[in-house]
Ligand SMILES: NC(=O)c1ccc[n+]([C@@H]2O[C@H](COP(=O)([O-])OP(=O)(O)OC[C@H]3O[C@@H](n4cnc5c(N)ncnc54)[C@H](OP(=O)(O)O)[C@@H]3O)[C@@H](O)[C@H]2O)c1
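Just the one chain here, the form predicted on its own, laid out as C-alpha cells.
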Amino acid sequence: MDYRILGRTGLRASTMGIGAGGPSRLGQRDNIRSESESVALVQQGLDAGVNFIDTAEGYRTEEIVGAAIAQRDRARIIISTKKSLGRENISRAALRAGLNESLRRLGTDYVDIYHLHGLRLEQYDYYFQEILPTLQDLKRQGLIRFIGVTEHWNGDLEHKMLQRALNDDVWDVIMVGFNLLNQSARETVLKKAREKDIGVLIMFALRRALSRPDKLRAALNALVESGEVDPGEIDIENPLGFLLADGSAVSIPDAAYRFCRAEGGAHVILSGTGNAQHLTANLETFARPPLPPEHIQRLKRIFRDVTSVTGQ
C-alpha cells in the first residue's frame, strides 16, 4: 500500500481509503451482509495496510467502523466522518450533538477529520459565518483534529461550492468528485487545493458507468450528442478498450482507480465495497503500478470537455 501526506494535516494516509458509504455501505445498504461480516470487511482492509476510513452520520455505518477499530491501535487509523446537513440549515447545538453521537457510535474520543457533508453553494455563507466557529472550537478542544467539507457533486457539476470554499483558508481537507469521465475538478478545484496544501479526498472514482458496459455506452452516446466528446476519438462499442488491449489494466474499474491515483493533488481515493472478494480486487488494483503515461494522456484528451455527467 502506498501512503501520502494528506496536505497540511501532516497525516500519513493510505492512497486507498475505505468508503463506508456509496451503493454498498459495507454491505449494509440492502442488508446483504451481517454486521459482523461488515466489521470483518473493514478489518480485512486494515490488515492489508489501509489506514483511512471514511464514514458519515448519514451512512449509518459508524458503529460498524467503531467495532472494527475497537481492538486496533486507534492512533494508527485515520477516521473521517461527516455531519449531515440537508436543505435546512442546522444549528451550532445540532452540530455539537451530531459530533457527540458520532463519537459514541465510533467508540472514540476524537475524529481525525470532521466534514460538513454535501454543502451546497447557497448554504455556504451561513455555514462559514455561523457554524465554522463551532468547528474551530471543537478542534481546539481536541474532539476533532481537522476540519473538512464535502461537495454535493450530483447537484453541483461545476464544483462551485468548493471553488468558493477554496477562497477561504479555513478548510484542512476537502472531498471532491472526480473520475476519468469527468475531470473538470482538475483546473477548478485540484490546482488551487495543491497551491494551498489542502488534503484532497476523491469520491466517485468509480461509478456505474465505469463498472457496467451498458451504462458506459449510454453515457458516451450522451456525451457525443452533447458535443463534449469527439466521436472520432472513441469506439462507441468499446470506448475504453485500449486500456485493456495491451494488458495495462485488468478491467475498467481497475483503470478508473489507477487513473485517479495518478492525478496531481489527489491524496486518498475512496473505494466502497460490500464483500471480501471485491475488496481484495480493489486492494490488488492499488498495489499495481501507474497506468502508462500515454493512456493517461489519451483519457485526458478524450474527456477534456466533459462537465455534464458524474458517471452515476
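Quick note: we count residues from 1 along the sequence shown, nothing fancier. None of the values given here were measured: they were computed from a predicted structure.
The same protein also exists as the form predicted together with the ligand; that form is not shown, yet it is the one meant from here on.
**Student:** Using a 4.5 Å heavy atom cut-off, indicate which stretch of 62 to 70, 241 to 249, 267 to 275, 42 to 50 touches the ligand in the predicted bound form.
**Tutor:** Of the options, only 267 to 275 has residues within 4.5 Å of the partner.
**Student:** Since exactly one of A205, I144, V173, A219 fits, which has a heavy atom within 4.5 Å of the ligand in the predicted bound form?
**Tutor:** For this set of options, the contacting one is A205.
**Student:** Even though the partner isn't displayed, in the predicted bound form is P23 close enough to the ligand, meaning a heavy atom within 4.5 Å?
**Tutor:** So P23 counts as contacting the ligand.
**Student:** Determine whether any heavy atom of H159 comes within 4.5 Å of a heavy atom of the ligand in the predicted bound form, and answer yes or no.
**Tutor:** No, H159 stays farther than 4.5 Å from the ligand in the predicted bound form.
**Student:** Flag S38 as yes or no: does it have a non-hydrogen atom within 4.5 angstroms of any non-hydrogen atom of the ligand in the predicted bound form?
**Tutor:** S38 lies outside the contact set for the ligand.
**Student:** Examine D112 and determine whether its closest non-hydrogen atom to the ligand in the predicted bound form is within 4.5 angstroms.
**Tutor:** Because no heavy atom of D112 falls inside 4.5 Å of the ligand in the predicted bound form, the answer is no.
**Student:** Considering only 210 to 248, what residues come within 4.5 Å of the ligand in the predicted bound form, judged by heavy atoms?
**Tutor:** Heavy-atom contacts to the ligand in the predicted bound form: only S211.
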